[in-house]
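Shown here is one chain on its own, the form predicted on its own, set out as structure tokens.
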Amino acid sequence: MPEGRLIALEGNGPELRVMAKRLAKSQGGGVSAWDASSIFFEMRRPDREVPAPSPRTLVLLYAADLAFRLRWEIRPALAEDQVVIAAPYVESAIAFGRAAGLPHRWLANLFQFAAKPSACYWMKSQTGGAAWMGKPSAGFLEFCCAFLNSGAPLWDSQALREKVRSYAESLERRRGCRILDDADSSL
């Protein structure tokens, strides 16, 4: 049975989408982006008053969206011997969960269902703090910070961002998830 390649592209910001498209083009594959199931789109509709979910709820919703992506996008493409860029994949959600104080063991158990990627890259954000505090449509990490900032108690987006950055750096040391910037073309 043919088997394609799954490349995890982790991180946040508009650079993630740009790099995912660039990688897909260079690798001859496609992109599986967060919120394929529209769970998060429905939450941010202006006509709905949704209370700010907890970090645990946001991670659980991300896991549900990832299960949808695996079922309908990623696994079928891999079965057809295609390359899939998952942007983001598992480590972004784990980084957010750890930054928000969720136990690593709980997060690891939650994402056991996810296929192991052939390669993992963390896209270094160039946008700074503004992307984390606004524009919830920009990506999963931005969405989480925007929602957490709207609830009580208010979360410190800067502190979350620093903890996520620290987690990304530890990934490079521990698991070989290479950190990229938008100028990196040496994949």
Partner chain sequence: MSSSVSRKRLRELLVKQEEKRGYLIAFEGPDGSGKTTQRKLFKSWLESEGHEVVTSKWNSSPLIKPLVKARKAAHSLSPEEFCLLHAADFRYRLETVILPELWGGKMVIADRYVFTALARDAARGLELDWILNAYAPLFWPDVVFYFSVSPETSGKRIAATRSPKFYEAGQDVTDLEDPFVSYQKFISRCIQEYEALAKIFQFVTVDAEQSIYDQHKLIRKLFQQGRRRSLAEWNFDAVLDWRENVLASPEVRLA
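Positions refer to the first chain, counted from 1. Because the structure is predicted, anything quoted here is derived from the model rather than measured.
Keep in mind that the form predicted in complex with the partner chain is missing from the display, and what follows is about it.
- The closest heavy atom approach of Gln158 to the partner chain in the model of the complex falls outside 4.5 Å.
- When contacts are judged by a 4.5 Å heavy atom cut-off, Pro55 counts as touching the partner chain in the model of the complex.
- Interface residue remark: Ser37 is counted as part of the site for the partner chain in the model of the complex, having a heavy atom within 4.5 Å.
- Looking at Pro51, you'd find a heavy atom of it within 4.5 angstroms of the partner chain in the model of the complex.
- The contact with the partner chain in the model of the complex, taken as any heavy atom within 4.5 Å, belongs to Ala63 out of Ala119, Ala146, Ala33, Ala63.
- Proximity to the partner chain in the model of the complex holds for all of Phe68, Arg71 and Gln112, with the criterion being a heavy atom within 4.5 Å.
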